[in-house]
Each structure stands twice: as C-alpha cells, then as structure tokens.
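Consider the single chain below, provided in structure tokens and representing the form predicted on its own.
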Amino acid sequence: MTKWIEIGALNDIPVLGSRVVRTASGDVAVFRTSEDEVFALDDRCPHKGGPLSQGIVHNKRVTCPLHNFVIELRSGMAVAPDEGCTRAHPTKVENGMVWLGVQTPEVVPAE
C-alpha cells in the first residue's frame, strides 16, 4: 500500500536539482526538472551506490557524480550502455506542495 507524505514546497527544490528525504527504507532523492516535473528515486546509483541526489539533472535523467552512469528519472533504469536500475517512487504536486509515495507493509489478517 502507498502512503503519501508531504515533503515541502516545489520551490524548495531547485530547478534541475534535488532534495533528499529520509524514509524508513532509506534515503530518497526527489528531483525537479526544468519543466517543474518531480521524480523520486532511491538515492543510490545501481552501479556503485553513488549519491544520485548529487548528480547532474538533465532533461528527465540524472548523471551519477561518481562514474557518470545516466539514470532515467521516471523509471530508475540506466541508459544504455549502462545497466541496472534503482527504485523509483511515485510523486505528485498539489497546490505547489510535493508529495512522495512510500510503500507501507500490508497487514495480513491472521486466520
């Protein structure tokens, strides 16, 4: 199940930049494109775990600051010839506020 948490105003994230949100399952990098689209990925490059939040945002991609792996912001997939994937998280912007969807464990009733 997805739980939505408000993480702040869109204007708090620099254009072509990011902010890091700490969650129970690890750090999530929240990115803003030049068109004010917002995407979120685990803050770990699939190559060597580099901090994607410190990478260069261009178009709808981020380039890892360690080894220049290019990652699609929408899917978390590496762009060929790079390989790998980091987890993408749902986001939404409502009334200028950014929301991050985080997974919560499903409770299974006992039988």
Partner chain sequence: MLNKVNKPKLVVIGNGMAGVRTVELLLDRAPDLYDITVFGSEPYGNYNRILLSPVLAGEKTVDDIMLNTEQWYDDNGITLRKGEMIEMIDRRTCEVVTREGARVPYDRLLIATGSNPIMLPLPGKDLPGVIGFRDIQDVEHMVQASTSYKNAVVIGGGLLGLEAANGLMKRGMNVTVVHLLDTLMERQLDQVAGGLLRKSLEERGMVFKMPAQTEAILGEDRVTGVRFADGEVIPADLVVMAVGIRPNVELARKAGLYCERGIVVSDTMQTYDGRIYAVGECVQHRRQTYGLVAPLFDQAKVCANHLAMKGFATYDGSVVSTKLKVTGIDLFSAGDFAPGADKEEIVMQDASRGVYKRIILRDKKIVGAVLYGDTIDGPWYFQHLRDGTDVSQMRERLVFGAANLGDGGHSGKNSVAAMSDDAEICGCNGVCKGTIVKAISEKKLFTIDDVRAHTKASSSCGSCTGLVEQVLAFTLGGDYSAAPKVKPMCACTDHSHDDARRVIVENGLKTIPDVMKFMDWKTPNGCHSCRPALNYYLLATWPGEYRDDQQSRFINERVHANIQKDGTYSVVPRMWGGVTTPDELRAIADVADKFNIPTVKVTGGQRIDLLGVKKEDLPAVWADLNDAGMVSGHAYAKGLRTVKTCVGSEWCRFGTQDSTGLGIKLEKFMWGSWTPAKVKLAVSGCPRNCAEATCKDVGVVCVDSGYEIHFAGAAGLHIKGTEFLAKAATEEETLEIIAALTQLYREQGWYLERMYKWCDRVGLDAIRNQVVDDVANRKTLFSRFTYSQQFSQSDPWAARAQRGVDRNEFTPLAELELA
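Positions refer to the first chain, counted from 1. The shown structure was predicted, so the numbers you read here are calculated from the model rather than taken from an experiment.
Form predicted together with its partner chain: not shown, discussed below.
- Though the partner is left out of this view, Ser75 does not reach within 4.5 Å of its partner chain in the model of the complex, counting heavy atoms only.
- Although the partner is absent here, Pro14 lies within 4.5 Å of its partner chain in the model of the complex, judged by heavy atoms.
- Although the partner is absent here, His58 sits close enough that one of its heavy atoms falls within 4.5 Å of its partner chain in the model of the complex.
- Contact check for Leu66: a heavy atom falls within 4.5 Å of its partner chain in the model of the complex.
- Taking its partner chain as positioned in the model of the complex, the residues of 31-51 that bring a heavy atom within 4.5 Å of it are, in sequence order, Ser34, Pro51.
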